[in-house]
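Below, in structure tokens: the form predicted alone, a single chain.
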Amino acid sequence: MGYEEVRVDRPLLLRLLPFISVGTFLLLWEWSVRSGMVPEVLLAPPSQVFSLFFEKLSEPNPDGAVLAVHAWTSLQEAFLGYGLSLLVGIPLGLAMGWFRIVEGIARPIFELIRPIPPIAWIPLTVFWFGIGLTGKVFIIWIAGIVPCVINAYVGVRMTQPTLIQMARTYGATDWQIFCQLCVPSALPMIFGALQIALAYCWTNLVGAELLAADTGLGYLITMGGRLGRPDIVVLGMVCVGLSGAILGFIIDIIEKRLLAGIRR
């Protein structure tokens, strides 16, 4: 009887643990600020950030736009940069992993550019594209393309040599092996790239919106710092985090369904 109760109650407890963890964190955060342990000029309590969230749904002041406008601007910039990084990075990585000519041409250039932080491109981006949407998308694209290339490349390289040799034995061409064997084999790594690239793009979103932006979640965070409003800064950070988490959750669901369909 006791063993059965443990088996029934344990999954429920595990499901509740994330909520308990987050709730405890928020309570400790609220208490540390309200008790004076952390001054409010340095960190806003969760209750103040929560109240500001509903206020910013309809109030454009003091940063000049409501929260929905900031979120929509950031989503546009992030999705454009993210989409371009997938369109360029994944095919490039797949080709580098299989075709020696492509690897010989593209890999040296990629290895030179890869260690450069995306933020370091901001001055040149201003010279090349100005301070509009194109410059911000370029910074986000630079951030997202690196994991796409690396994961796609490694995914192709991880294809079992035995399967490749067997395909050659049956007369398959290099192109057939690449399309029908290497690409499906690399799919788990490619979906991993989707998650990592999304994180990179959102991480560099704030830096991209430093390019004289007038809306966006990164701009909201910057304005909060300029105005000495930690509640605005935390609100922008929370919105960036929640948006990225939701998008990552959606990608995870798509990955599981596609991979399950392929395995069948």
Partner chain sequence: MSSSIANETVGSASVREGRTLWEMLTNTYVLYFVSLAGFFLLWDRVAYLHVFGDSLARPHVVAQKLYMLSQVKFAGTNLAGHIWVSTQRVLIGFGLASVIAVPLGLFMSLNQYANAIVKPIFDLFKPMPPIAWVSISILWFGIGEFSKVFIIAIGTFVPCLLNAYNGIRLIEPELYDVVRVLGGSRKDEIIQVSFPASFPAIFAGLQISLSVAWTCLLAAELMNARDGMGFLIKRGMDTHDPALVLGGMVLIAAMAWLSSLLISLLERKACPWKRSIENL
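Numbering follows the first chain given and starts at 1. Everything numeric here is computed off the predicted structure, so don't read it as measured data.
Beyond the structure shown, there is the form predicted together with the partner chain, which is absent from this document and is the topic of what follows.
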Review point. Is there a heavy atom of residue 57 no more than 4.5 Å from a heavy atom of the partner chain in the predicted complex?
Key: no
Point to revise | in the predicted complex, residue 132 touching the partner chain (heavy atom, 4.5 Å) | key: no
Point to revise | Contact flag, residue 222 vs the partner chain in the predicted complex, heavy atom cut 4.5 Å | key: yes
Check your understanding: With the cut-off set at 4.5 Å between non-hydrogen atoms, does residue 72 touch the partner chain in the predicted complex?
Key -> no
Practice item. Please state whether all three residues 64, 79 and 250 have a non-hydrogen atom within 4.5 angstroms of the partner chain in the predicted complex. Key: no
Study note, to complete from the structure: Exactly one of 37, 42, 68, 27 comes within 4.5 Å of the partner chain in the predicted complex through a heavy atom, and that residue is 42
Check your understanding: Which residues in 50-80 have a heavy atom within 4.5 Å of the partner chain in the predicted complex?
Key -> none
